[in-house]
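First comes one chain, alone, set out as structure tokens in the form predicted alone.
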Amino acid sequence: MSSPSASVATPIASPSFRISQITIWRVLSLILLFGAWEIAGRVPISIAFPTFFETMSSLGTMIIDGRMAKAYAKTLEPLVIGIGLSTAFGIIFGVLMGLSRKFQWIGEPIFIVMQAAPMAALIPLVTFLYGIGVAAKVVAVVILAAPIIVLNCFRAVRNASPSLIQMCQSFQGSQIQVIRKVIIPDAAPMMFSGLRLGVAAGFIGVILAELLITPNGVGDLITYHRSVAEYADMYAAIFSIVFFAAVTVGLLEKAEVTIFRPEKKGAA
């Protein structure tokens, strides 16, 4: 007599099905957010709070008439320069801090304080030292982005795999070879994460600079439309910079997963 203990196979969701589920939930969350925005604008919770559709209409108009492109041309210049300088300085100094205790003792307290302090309070000092031109905005971006990149590079190098380092040394690898062939490759994923976080902080820095130093670029759009009570245009400019920053950081995250963590592709 056969035993009726046949097990029922549990279907396993395919990666494509799992990814489509994630996409559906993300879209639903955006619909919920924008729906709440539309309702809040129609109530209204404030005369200075436009609806979502009014904001998107203003955004489309600003894109078509070229105002948005001109604003971003001015905003991206100090942002790109500042991120480039922060990346070069951050990687070099972060690696030196990770390899040398002396560099760590000198640099770590400074960058921890810079990361924790309200750096927006230093914007007036930056204006006093560098004026109101592009240089001041670049400094503002570096002030916010560099500490994050430096500290992430430092921790990445300091936490490099001891077993890999010992293996390289056991094969008579020189100190340069240990750094070049073991420490830097092993630290690269966390260093790239620091770059991604630094870019996000750089967006904050450049917008703060445009709002507090010189009102041009996207900051000028926000300031001008607020002053003339064109709130839909003001919110459109704010939405554009949030969207642009989110897309940029998201693409960097995708690149990080593709290059350094391919095993996580299905869960992204």
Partner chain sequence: MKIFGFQIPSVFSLLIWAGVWEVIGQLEWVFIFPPLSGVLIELWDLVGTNAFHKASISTLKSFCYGMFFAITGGVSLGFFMGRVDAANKLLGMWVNIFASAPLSSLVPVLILLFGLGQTTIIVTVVLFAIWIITLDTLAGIKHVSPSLIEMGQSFGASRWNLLYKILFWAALPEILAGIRMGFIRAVKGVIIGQLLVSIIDFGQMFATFSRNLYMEEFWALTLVLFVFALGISSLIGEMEKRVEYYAGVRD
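What you are looking at is a predicted structure, and each value in this text was computed from that prediction instead of being measured. Numbering follows the first chain given and starts at 1.
The same protein has a further form, the form predicted together with the partner chain, not shown here; the description that follows concerns it.
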For the partner chain, considered in the predicted complex: do all three of Ala120, Tyr235 and Val249 come within 4.5 Å of it, counting heavy atoms only? yes
With the partner left out of view, is Arg226 within 4.5 angstroms of the partner chain in the predicted complex by any non-hydrogen atom? yes
Would you classify Ser193 as touching the partner chain in the predicted complex, given a 4.5 Å non-hydrogen atom cut-off? no
Taking the partner chain as it sits in the predicted complex, is Pro109 in contact with it (heavy atom to heavy atom, 4.5 Å or less)? yes
Residue-level question: is Leu33 within 4.5 Å of the partner chain in the predicted complex, judged on heavy atoms? yes
Though the partner is not shown here, which residues of 202-231 have a heavy atom within 4.5 Å of the partner chain in the predicted complex? Phe203, Ile204, Ile207, Leu208, Leu211, Leu212, Ile222, Arg226, Tyr231
